[in-house]
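Before any questions on how it binds or moves, here is one chain, the form predicted on its own, in structure tokens.
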Amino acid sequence: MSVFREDVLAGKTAFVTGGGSGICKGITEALMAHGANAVITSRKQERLDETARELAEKTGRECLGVACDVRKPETVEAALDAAIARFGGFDIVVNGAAGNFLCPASQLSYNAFRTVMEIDTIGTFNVSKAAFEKQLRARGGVIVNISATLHYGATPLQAHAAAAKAAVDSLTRSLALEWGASGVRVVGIAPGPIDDTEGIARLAPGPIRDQMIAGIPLKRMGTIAEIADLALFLCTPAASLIHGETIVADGGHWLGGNALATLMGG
């Protein structure tokens, strides 16, 4: 049972990139379950259609899936236009589209590094800027940027993703400073290891998973529902003074290093 009033986001519309699966699907479900309609985007329309149907059935709210590549501003603008056409606008933007994989920096291709930067960092800017220009400048709203803790120290095999998320955190602060006067709150969430996600399945198999859990002070991974509840909180009036901040939700994991560093002798 939710600790939030079920209609706390009534009348709102959320635009969520990466909403077809994983953490951002969970965030979308939480927002919809508390009164919002939603537009979800990713590059695969078939997955979006399936997810949109599932979320609408679960929550009783409307969900529209629109294929979009956040690296391409024209597709971002088209997706936002679809949100405006269907729901009359949007009030919440969640930047969750991301790319990641394990790779030593010495073996990381120029193209691979650039691609992750384009999806995570440039994609976050593209969506935020287009949303601000199309509606948020005039009507206010909330932008939630999904980050990570990889760059708080240093994480081996993650130079690309760490650099991208460090830039996302910087964007969160800069946009908060510039857009606050327009009634736009810009905040971030930095999840730690979250169970039942594609990221953990690919990035922390077998013994790495066990080492990772051993290094978390709470001795467990987080859940998608916990990150979704945090995102929901940040979109409610209860968080109206939180601005420019990226909130860590990792059970204290970043305080003591990580499993990859341990396995590599770090």
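Heads up: residue numbers just count along the shown sequence, starting at 1. Nothing here was measured: the structure is a model prediction, and the numbers come from that model.
One more form of this protein exists, namely the form predicted together with a small molecule; it is left out here, but the text below deals with it.
Three-residue candidate spot R43, S109 and E198; every residue lies within 4.5 angstroms of the small molecule in the predicted bound form by at least one non-hydrogen atom. This chain lacks the partner; the member of C103, A163, A82, L177 within 4.5 angstroms of the small molecule in the predicted bound form by a non-hydrogen atom is C103. G99 is the sole member of G140, G99, G153, P156 with a non-hydrogen atom within 4.5 Å of the small molecule in the predicted bound form. Although the partner is absent here, R71 sits close enough that one of its heavy atoms falls within 4.5 Å of the small molecule in the predicted bound form. Although the partner is absent from this view, T115 contacts the small molecule in the predicted bound form, with a non-hydrogen atom inside 4.5 angstroms. Among heavy atoms of I119, some come within 4.5 Å of the small molecule in the predicted bound form. Residue contact with the small molecule in the predicted bound form: R220 places no heavy atom within 4.5 Å of it.
Only one segment in the set 31 to 39, 228 to 236, 54 to 62, 198 to 206 has residues whose heavy atoms sit within 4.5 Å of the small molecule in the predicted bound form; it is 198 to 206.
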